[in-house]
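In the form predicted on its own, a lone chain appears below as C-alpha coordinates.
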Amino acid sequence: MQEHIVIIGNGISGVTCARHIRKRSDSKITIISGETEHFFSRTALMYVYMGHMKFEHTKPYEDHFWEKNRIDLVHGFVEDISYGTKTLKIRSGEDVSYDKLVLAVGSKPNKFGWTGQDLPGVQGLYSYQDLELLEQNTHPYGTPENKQRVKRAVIVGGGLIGVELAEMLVTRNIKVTFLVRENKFWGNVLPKGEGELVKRHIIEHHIDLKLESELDVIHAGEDGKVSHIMTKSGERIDCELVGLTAGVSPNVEFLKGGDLALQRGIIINQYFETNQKDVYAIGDCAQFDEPVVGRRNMEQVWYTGRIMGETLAATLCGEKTKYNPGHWFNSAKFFDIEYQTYGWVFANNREGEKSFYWEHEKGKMCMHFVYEGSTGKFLGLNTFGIRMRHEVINDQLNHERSIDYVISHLADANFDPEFYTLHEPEIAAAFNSQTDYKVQLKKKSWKRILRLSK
(Lines give C-alpha, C1' and ligand atoms only; values in the text may rest on other atoms or scores of the structure.)
Protein backbone atom coordinates (compact mmCIF):
# COMPACT_ATOMS: atom_id res chain seq x y z
CA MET A 1 0.00 0.00 0.00
CA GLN A 2 1.35 3.44 -0.96
CA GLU A 3 2.55 5.51 2.02
CA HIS A 4 0.87 8.90 2.44
CA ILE A 5 3.05 11.76 3.70
CA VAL A 6 1.14 14.92 4.63
CA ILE A 7 2.90 18.24 5.10
CA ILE A 8 1.12 21.15 6.81
CA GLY A 9 2.65 24.38 5.51
CA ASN A 10 3.91 25.38 2.07
CA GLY A 11 6.84 27.59 3.07
CA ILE A 12 10.46 26.87 2.22
CA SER A 13 10.74 24.02 4.77
CA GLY A 14 7.62 22.13 3.78
CA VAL A 15 8.04 22.54 0.03
CA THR A 16 11.73 21.58 0.12
CA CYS A 17 10.79 18.47 2.08
CA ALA A 18 8.11 17.55 -0.47
CA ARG A 19 10.38 18.09 -3.46
CA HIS A 20 13.15 15.90 -2.01
CA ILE A 21 10.74 13.16 -0.96
CA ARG A 22 9.56 13.04 -4.57
CA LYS A 23 13.16 12.78 -5.80
CA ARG A 24 13.70 9.80 -3.50
CA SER A 25 10.37 7.92 -3.51
CA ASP A 26 6.94 7.31 -5.04
CA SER A 27 5.08 8.06 -1.79
CA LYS A 28 1.81 9.93 -2.01
CA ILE A 29 2.53 13.55 -0.96
CA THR A 30 -0.04 16.13 0.12
CA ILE A 31 0.77 19.73 1.11
CA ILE A 32 -1.90 21.60 3.09
CA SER A 33 -1.75 25.38 3.39
CA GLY A 34 -4.30 27.96 4.42
CA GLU A 35 -2.08 30.89 3.44
CA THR A 36 -1.82 30.47 -0.32
CA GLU A 37 -2.55 27.71 -2.81
CA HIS A 38 0.99 27.69 -4.22
CA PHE A 39 4.45 28.16 -2.76
CA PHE A 40 5.93 31.67 -3.07
CA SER A 41 9.08 33.49 -1.99
CA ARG A 42 8.19 35.15 1.30
CA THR A 43 11.15 37.53 1.18
CA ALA A 44 9.85 38.95 -2.12
CA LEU A 45 6.52 40.16 -0.71
CA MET A 46 7.95 43.61 -0.05
CA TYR A 47 8.76 44.04 -3.74
CA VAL A 48 5.15 43.27 -4.69
CA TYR A 49 3.96 46.09 -2.43
CA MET A 50 6.61 48.44 -3.84
CA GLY A 51 5.52 47.69 -7.42
CA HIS A 52 8.76 46.01 -8.49
CA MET A 53 7.05 42.73 -9.34
CA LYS A 54 3.67 41.04 -9.40
CA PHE A 55 2.72 38.30 -6.94
CA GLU A 56 2.88 35.62 -9.64
CA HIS A 57 6.55 36.52 -10.12
CA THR A 58 7.27 35.41 -6.52
CA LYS A 59 6.35 31.79 -7.30
CA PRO A 60 9.53 29.82 -8.17
CA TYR A 61 7.54 27.06 -9.88
CA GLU A 62 4.80 27.16 -12.48
CA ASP A 63 1.40 26.08 -11.18
CA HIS A 64 1.55 22.89 -13.26
CA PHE A 65 4.78 21.86 -11.47
CA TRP A 66 2.87 20.29 -8.58
CA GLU A 67 0.64 18.03 -10.66
CA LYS A 68 3.58 17.06 -12.87
CA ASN A 69 5.54 16.00 -9.77
CA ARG A 70 2.50 14.28 -8.22
CA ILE A 71 2.35 16.57 -5.20
CA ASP A 72 -1.27 17.17 -4.19
CA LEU A 73 -2.20 20.62 -2.85
CA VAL A 74 -5.00 21.32 -0.39
CA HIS A 75 -5.83 24.99 0.21
CA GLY A 76 -7.32 25.09 3.70
CA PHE A 77 -6.66 25.41 7.42
CA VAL A 78 -6.12 22.40 9.68
CA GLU A 79 -8.22 22.78 12.83
CA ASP A 80 -7.59 19.51 14.64
CA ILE A 81 -5.20 16.56 14.58
CA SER A 82 -6.02 13.09 15.92
CA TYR A 83 -2.63 11.44 16.46
CA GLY A 84 -4.24 8.15 17.46
CA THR A 85 -6.21 7.74 14.25
CA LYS A 86 -3.72 9.74 12.15
CA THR A 87 -6.43 12.05 10.86
CA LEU A 88 -6.52 15.79 10.17
CA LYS A 89 -9.69 17.87 10.32
CA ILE A 90 -9.79 20.67 7.72
CA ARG A 91 -11.88 23.78 8.42
CA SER A 92 -13.97 23.04 5.31
CA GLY A 93 -15.09 19.81 6.97
CA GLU A 94 -12.83 17.48 5.00
CA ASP A 95 -10.84 14.76 6.78
CA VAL A 96 -7.33 13.85 5.58
CA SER A 97 -5.58 10.72 6.81
CA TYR A 98 -1.78 10.33 6.93
CA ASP A 99 0.88 7.70 7.50
CA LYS A 100 3.52 10.31 8.32
CA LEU A 101 2.89 13.94 9.20
CA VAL A 102 5.26 16.91 8.83
CA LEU A 103 4.43 20.11 10.70
CA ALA A 104 5.99 23.07 8.87
CA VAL A 105 3.52 25.67 10.08
CA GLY A 106 5.90 28.66 10.29
CA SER A 107 5.66 31.75 12.48
CA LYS A 108 3.49 34.74 13.26
CA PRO A 109 4.40 38.30 14.36
CA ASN A 110 4.89 38.74 18.09
CA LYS A 111 2.38 40.58 20.23
CA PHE A 112 3.26 41.38 23.81
CA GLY A 113 -0.09 42.33 25.25
CA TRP A 114 -0.03 46.02 24.37
CA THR A 115 -3.32 47.81 24.92
CA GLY A 116 -4.82 48.39 21.47
CA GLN A 117 -2.67 45.80 19.68
CA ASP A 118 -5.74 44.33 17.94
CA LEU A 119 -7.21 47.62 16.68
CA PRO A 120 -7.86 48.13 12.96
CA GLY A 121 -4.68 49.60 11.52
CA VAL A 122 -2.35 47.48 13.70
CA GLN A 123 -0.59 44.60 11.96
CA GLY A 124 2.54 42.59 11.47
CA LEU A 125 4.38 41.65 8.28
CA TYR A 126 4.92 37.95 7.68
CA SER A 127 2.21 36.26 5.63
CA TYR A 128 0.53 36.89 2.31
CA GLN A 129 -2.54 37.93 4.30
CA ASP A 130 -0.41 40.55 6.06
CA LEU A 131 0.57 41.94 2.66
CA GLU A 132 -3.08 42.11 1.61
CA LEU A 133 -3.98 43.84 4.88
CA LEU A 134 -1.17 46.35 4.46
CA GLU A 135 -2.39 47.15 0.96
CA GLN A 136 -5.90 47.57 2.30
CA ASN A 137 -4.71 49.77 5.18
CA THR A 138 -2.54 52.07 3.06
CA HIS A 139 -4.19 52.13 -0.37
CA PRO A 140 -5.51 55.64 -1.16
CA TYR A 141 -8.29 54.61 -3.54
CA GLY A 142 -11.76 54.78 -2.11
CA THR A 143 -10.92 57.56 0.33
CA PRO A 144 -12.26 61.10 -0.17
CA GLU A 145 -10.56 62.61 -3.23
CA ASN A 146 -8.37 59.49 -3.35
CA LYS A 147 -6.08 60.98 -0.71
CA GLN A 148 -3.73 58.86 1.30
CA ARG A 149 -5.46 58.01 4.58
CA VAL A 150 -2.24 56.91 6.27
CA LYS A 151 0.07 59.89 6.67
CA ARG A 152 2.31 58.48 9.39
CA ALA A 153 3.10 54.96 10.56
CA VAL A 154 4.81 53.81 13.74
CA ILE A 155 6.94 50.67 13.54
CA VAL A 156 7.70 48.81 16.76
CA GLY A 157 10.81 46.64 16.95
CA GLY A 158 14.23 47.18 15.41
CA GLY A 159 14.96 44.10 13.34
CA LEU A 160 15.05 43.05 9.71
CA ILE A 161 11.28 42.92 9.20
CA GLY A 162 10.95 46.41 10.64
CA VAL A 163 13.45 47.78 8.12
CA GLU A 164 11.59 46.04 5.28
CA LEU A 165 8.29 47.55 6.38
CA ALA A 166 9.85 51.01 6.70
CA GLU A 167 11.28 50.78 3.17
CA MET A 168 7.90 49.67 1.83
CA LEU A 169 5.98 52.51 3.46
CA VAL A 170 8.31 55.32 2.39
CA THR A 171 7.73 54.30 -1.24
CA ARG A 172 4.09 55.34 -0.65
CA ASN A 173 5.23 58.69 0.81
CA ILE A 174 4.15 57.62 4.28
CA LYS A 175 6.21 59.12 7.09
CA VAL A 176 7.65 56.51 9.42
CA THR A 177 8.59 56.66 13.09
CA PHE A 178 10.67 53.67 14.18
CA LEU A 179 10.63 52.73 17.89
CA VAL A 180 13.64 50.69 19.04
CA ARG A 181 13.91 49.62 22.67
CA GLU A 182 17.72 49.29 22.70
CA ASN A 183 20.26 52.13 22.62
CA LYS A 184 21.47 51.00 19.20
CA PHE A 185 19.77 49.48 16.18
CA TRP A 186 19.34 45.67 16.37
CA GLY A 187 21.41 45.87 19.50
CA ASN A 188 21.08 42.22 20.48
CA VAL A 189 22.63 41.11 17.17
CA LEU A 190 24.89 43.81 15.68
CA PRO A 191 28.12 45.08 17.26
CA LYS A 192 28.45 48.82 17.83
CA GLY A 193 30.13 49.69 14.51
CA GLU A 194 27.56 47.96 12.32
CA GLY A 195 24.72 49.27 14.47
CA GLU A 196 25.90 52.85 13.97
CA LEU A 197 26.28 52.36 10.22
CA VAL A 198 22.72 51.03 9.90
CA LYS A 199 21.39 53.77 12.16
CA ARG A 200 22.88 56.49 9.96
CA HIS A 201 21.55 54.80 6.82
CA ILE A 202 18.02 54.55 8.21
CA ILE A 203 18.03 58.24 9.18
CA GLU A 204 19.35 59.19 5.72
CA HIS A 205 16.18 57.62 4.30
CA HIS A 206 14.12 60.11 6.33
CA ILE A 207 13.00 57.61 8.96
CA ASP A 208 12.30 59.11 12.39
CA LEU A 209 14.40 56.63 14.37
CA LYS A 210 13.82 56.74 18.12
CA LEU A 211 16.25 54.63 20.13
CA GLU A 212 15.53 53.67 23.75
CA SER A 213 11.85 54.20 23.07
CA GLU A 214 9.13 51.64 23.88
CA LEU A 215 5.50 51.35 22.93
CA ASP A 216 3.07 51.64 25.84
CA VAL A 217 -0.48 52.05 24.49
CA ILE A 218 -2.14 52.18 21.05
CA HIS A 219 -5.17 54.49 21.01
CA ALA A 220 -8.17 54.54 18.68
CA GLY A 221 -9.94 57.57 17.23
CA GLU A 222 -13.67 58.14 16.86
CA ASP A 223 -13.76 55.79 13.86
CA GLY A 224 -12.36 52.94 15.96
CA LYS A 225 -9.11 52.86 14.03
CA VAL A 226 -5.62 53.77 15.21
CA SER A 227 -5.22 57.48 15.93
CA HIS A 228 -2.03 57.68 18.00
CA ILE A 229 0.33 55.81 20.29
CA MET A 230 1.93 56.65 23.61
CA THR A 231 5.46 55.62 24.47
CA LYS A 232 6.54 54.58 27.96
CA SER A 233 8.29 57.91 28.32
CA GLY A 234 4.94 59.67 27.80
CA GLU A 235 5.46 60.86 24.23
CA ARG A 236 2.38 60.97 21.97
CA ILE A 237 2.86 60.13 18.28
CA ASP A 238 -0.10 60.61 15.93
CA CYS A 239 -0.38 57.84 13.35
CA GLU A 240 -2.86 55.85 11.31
CA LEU A 241 -0.86 52.60 11.09
CA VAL A 242 1.16 50.62 13.63
CA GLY A 243 3.52 47.89 12.39
CA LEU A 244 4.39 45.25 14.99
CA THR A 245 7.77 43.85 13.92
CA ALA A 246 9.28 42.85 17.27
CA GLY A 247 10.22 39.38 16.07
CA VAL A 248 8.13 36.29 15.37
CA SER A 249 6.97 33.26 17.35
CA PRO A 250 5.97 29.75 16.24
CA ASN A 251 2.47 29.44 14.81
CA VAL A 252 1.37 26.67 17.18
CA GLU A 253 -1.81 28.00 18.80
CA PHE A 254 -4.00 25.42 17.02
CA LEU A 255 -1.82 22.62 18.39
CA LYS A 256 -2.18 23.54 22.07
CA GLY A 257 -4.29 21.42 24.38
CA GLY A 258 -3.39 18.17 22.63
CA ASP A 259 -0.80 15.48 23.20
CA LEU A 260 1.96 17.11 21.12
CA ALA A 261 4.88 18.32 23.27
CA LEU A 262 5.16 22.11 23.02
CA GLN A 263 7.15 24.83 24.69
CA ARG A 264 7.71 27.97 22.66
CA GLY A 265 7.69 25.76 19.58
CA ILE A 266 7.16 22.08 18.77
CA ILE A 267 9.73 20.01 20.67
CA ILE A 268 11.87 17.83 18.39
CA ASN A 269 15.10 15.83 18.50
CA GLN A 270 17.98 15.96 16.02
CA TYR A 271 15.93 13.90 13.55
CA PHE A 272 12.93 16.31 13.76
CA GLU A 273 10.89 13.68 15.59
CA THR A 274 8.19 14.90 17.99
CA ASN A 275 6.79 12.94 20.96
CA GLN A 276 4.06 11.58 18.66
CA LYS A 277 4.72 8.56 16.46
CA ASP A 278 5.32 9.41 12.78
CA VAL A 279 4.93 13.15 13.43
CA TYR A 280 7.80 15.54 12.62
CA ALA A 281 8.35 19.31 12.74
CA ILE A 282 10.67 21.55 10.71
CA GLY A 283 11.25 25.24 10.07
CA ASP A 284 10.24 28.24 12.17
CA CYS A 285 7.87 26.22 14.37
CA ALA A 286 10.46 23.62 15.46
CA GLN A 287 12.33 23.77 18.78
CA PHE A 288 15.22 21.37 19.41
CA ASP A 289 15.29 19.69 22.79
CA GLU A 290 19.08 19.52 22.46
CA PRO A 291 20.43 22.04 19.92
CA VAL A 292 23.36 21.32 17.65
CA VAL A 293 26.50 22.39 19.54
CA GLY A 294 27.00 26.12 19.15
CA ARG A 295 23.54 26.71 17.65
CA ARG A 296 20.26 28.05 19.03
CA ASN A 297 17.35 25.75 19.83
CA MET A 298 15.22 27.61 17.27
CA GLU A 299 16.60 28.70 13.88
CA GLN A 300 14.09 30.83 12.01
CA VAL A 301 15.86 31.80 8.80
CA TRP A 302 15.34 30.79 5.18
CA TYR A 303 18.47 28.72 4.64
CA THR A 304 18.08 26.61 7.80
CA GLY A 305 14.47 25.91 6.81
CA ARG A 306 15.67 24.64 3.45
CA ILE A 307 18.30 22.39 5.09
CA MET A 308 15.72 21.02 7.52
CA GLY A 309 13.35 20.14 4.69
CA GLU A 310 16.01 18.32 2.69
CA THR A 311 17.38 16.49 5.75
CA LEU A 312 13.97 15.27 6.89
CA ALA A 313 13.16 14.04 3.38
CA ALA A 314 16.12 11.68 3.61
CA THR A 315 14.87 10.31 6.94
CA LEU A 316 11.30 9.87 5.66
CA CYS A 317 12.65 7.93 2.71
CA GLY A 318 14.59 5.44 4.83
CA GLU A 319 17.95 7.17 5.26
CA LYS A 320 17.80 8.42 8.84
CA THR A 321 19.81 11.65 8.93
CA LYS A 322 20.67 14.08 11.74
CA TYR A 323 20.32 17.81 11.32
CA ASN A 324 23.70 19.32 10.41
CA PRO A 325 23.32 22.96 9.39
CA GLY A 326 27.02 23.75 9.11
CA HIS A 327 28.24 27.25 9.89
CA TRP A 328 25.80 30.01 10.69
CA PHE A 329 24.91 32.25 7.76
CA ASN A 330 22.35 34.93 7.07
CA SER A 331 21.84 37.78 4.62
CA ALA A 332 19.49 40.75 4.28
CA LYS A 333 19.25 44.31 3.01
CA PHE A 334 19.02 47.55 4.97
CA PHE A 335 17.45 49.67 2.25
CA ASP A 336 20.22 49.60 -0.39
CA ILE A 337 23.05 48.22 1.78
CA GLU A 338 23.49 44.45 1.59
CA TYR A 339 24.35 42.57 4.78
CA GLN A 340 25.91 39.12 5.18
CA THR A 341 27.09 37.29 8.27
CA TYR A 342 29.20 34.12 8.43
CA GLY A 343 30.12 32.08 11.49
CA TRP A 344 29.63 33.84 14.82
CA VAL A 345 29.86 37.60 15.27
CA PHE A 346 28.08 38.59 18.47
CA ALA A 347 27.04 42.04 19.63
CA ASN A 348 29.88 41.80 22.16
CA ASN A 349 32.96 39.61 21.89
CA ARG A 350 32.93 36.47 23.98
CA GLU A 351 35.78 35.65 26.32
CA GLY A 352 39.02 35.08 24.43
CA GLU A 353 37.78 36.65 21.20
CA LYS A 354 39.30 39.58 19.35
CA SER A 355 37.87 41.54 16.47
CA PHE A 356 38.97 43.78 13.63
CA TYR A 357 36.57 46.38 12.26
CA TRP A 358 37.07 48.30 9.03
CA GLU A 359 34.72 50.94 7.69
CA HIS A 360 34.98 52.85 4.44
CA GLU A 361 35.35 56.61 4.78
CA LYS A 362 31.93 57.18 3.19
CA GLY A 363 30.23 55.11 5.89
CA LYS A 364 28.36 52.78 3.50
CA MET A 365 30.61 49.71 3.73
CA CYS A 366 32.23 47.86 6.58
CA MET A 367 33.71 44.49 7.49
CA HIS A 368 33.94 43.05 10.99
CA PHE A 369 36.17 40.00 11.54
CA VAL A 370 36.19 37.94 14.77
CA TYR A 371 38.99 35.54 15.70
CA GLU A 372 40.49 33.69 18.64
CA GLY A 373 42.95 35.89 20.47
CA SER A 374 45.26 33.05 21.49
CA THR A 375 45.43 31.14 18.19
CA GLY A 376 44.28 33.63 15.55
CA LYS A 377 41.63 31.15 14.29
CA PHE A 378 38.99 32.87 12.14
CA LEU A 379 35.56 32.65 13.79
CA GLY A 380 33.19 34.90 11.89
CA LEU A 381 32.56 37.86 9.61
CA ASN A 382 29.95 40.60 9.17
CA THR A 383 30.02 42.51 5.92
CA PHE A 384 27.93 45.49 4.82
CA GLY A 385 28.03 46.83 1.27
CA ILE A 386 30.59 44.28 0.03
CA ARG A 387 29.19 40.98 -1.17
CA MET A 388 31.27 37.87 -0.41
CA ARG A 389 31.32 34.38 -1.91
CA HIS A 390 29.56 32.04 0.49
CA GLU A 391 31.50 28.96 -0.60
CA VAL A 392 34.88 30.68 0.01
CA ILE A 393 34.10 31.96 3.51
CA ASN A 394 32.41 28.68 4.43
CA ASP A 395 35.49 26.76 3.29
CA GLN A 396 37.73 28.99 5.41
CA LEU A 397 35.58 28.27 8.45
CA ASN A 398 35.56 24.54 7.67
CA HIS A 399 39.35 24.46 7.47
CA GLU A 400 39.75 26.68 10.55
CA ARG A 401 41.88 29.18 8.68
CA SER A 402 43.74 31.90 10.56
CA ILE A 403 42.64 35.51 10.50
CA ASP A 404 45.78 36.54 8.60
CA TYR A 405 45.02 33.89 5.96
CA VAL A 406 41.47 35.25 5.57
CA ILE A 407 42.66 38.84 5.25
CA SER A 408 45.35 37.94 2.73
CA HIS A 409 42.82 36.04 0.58
CA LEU A 410 40.05 38.65 0.65
CA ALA A 411 39.96 39.14 -3.11
CA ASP A 412 39.24 35.43 -3.60
CA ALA A 413 36.09 35.83 -1.52
CA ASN A 414 34.88 39.07 -3.11
CA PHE A 415 31.71 38.51 -5.13
CA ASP A 416 31.17 42.07 -6.33
CA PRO A 417 30.97 42.60 -10.11
CA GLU A 418 34.18 42.96 -12.10
CA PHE A 419 34.28 46.74 -12.36
CA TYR A 420 33.35 47.51 -8.74
CA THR A 421 36.03 49.30 -6.74
CA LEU A 422 37.99 46.81 -4.62
CA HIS A 423 39.07 47.66 -1.09
CA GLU A 424 41.34 44.75 -0.16
CA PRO A 425 44.60 46.77 0.05
CA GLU A 426 42.96 49.35 2.32
CA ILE A 427 41.46 46.63 4.54
CA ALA A 428 44.77 44.74 4.78
CA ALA A 429 46.66 47.96 5.62
CA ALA A 430 44.14 48.81 8.35
CA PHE A 431 44.40 45.28 9.74
CA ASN A 432 48.19 45.51 9.89
CA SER A 433 48.07 48.87 11.64
CA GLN A 434 45.49 47.79 14.24
CA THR A 435 46.85 44.32 15.09
CA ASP A 436 50.12 42.51 15.66
CA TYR A 437 49.78 40.75 12.27
CA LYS A 438 51.62 41.84 9.14
CA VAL A 439 49.80 40.23 6.26
CA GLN A 440 50.35 40.60 2.56
CA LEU A 441 47.65 40.03 0.01
CA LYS A 442 47.99 36.80 -1.90
CA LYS A 443 49.79 37.37 -5.22
CA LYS A 444 46.79 36.24 -7.27
CA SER A 445 44.62 38.76 -5.41
CA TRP A 446 47.06 41.60 -6.08
CA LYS A 447 47.06 40.79 -9.80
CA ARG A 448 43.27 40.95 -9.87
CA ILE A 449 43.25 44.29 -8.03
CA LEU A 450 45.87 45.82 -10.28
CA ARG A 451 44.12 44.59 -13.41
CA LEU A 452 40.78 46.02 -12.34
CA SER A 453 42.24 49.34 -11.20
CA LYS A 454 43.80 50.16 -14.60
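One rule holds for the numbers: they count along the sequence shown, beginning at 1. Bear in mind the structure is a predicted one, so any value in this text is a computation, not a measurement.
The discussion below concerns the form predicted in complex with a small molecule, not included here.
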query = So in the predicted bound form, are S249, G309 and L312 all sitting within 4.5 Å of the small molecule, heavy atoms only?
reply = no
Per contact check vs the small molecule in the predicted bound form (non-hydrogen atom within 4.5 angstroms), the hit among 97 to 105, 216 to 224, 110 to 118, 272 to 280 is 97 to 105
Requested in this report: Decide whether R42 counts as a contact residue for the small molecule in the predicted bound form under a heavy atom distance cut-off of 4.5 Å.
Outcome: yes
Using a 4.5 angstroms cut-off on non-hydrogen atoms, would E164 count as touching the small molecule in the predicted bound form? yes
Can any non-hydrogen atom of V301 be found within 4.5 angstroms of the small molecule in the predicted bound form? yes
Report task. Please check if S331 has a heavy atom lying within 4.5 Å of any heavy atom of the small molecule in the predicted bound form. Result -> yes
Answer key, the small molecule contact in the predicted bound form at 4.5 Å (heavy atoms) among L197, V78, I268, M367: the residue is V78
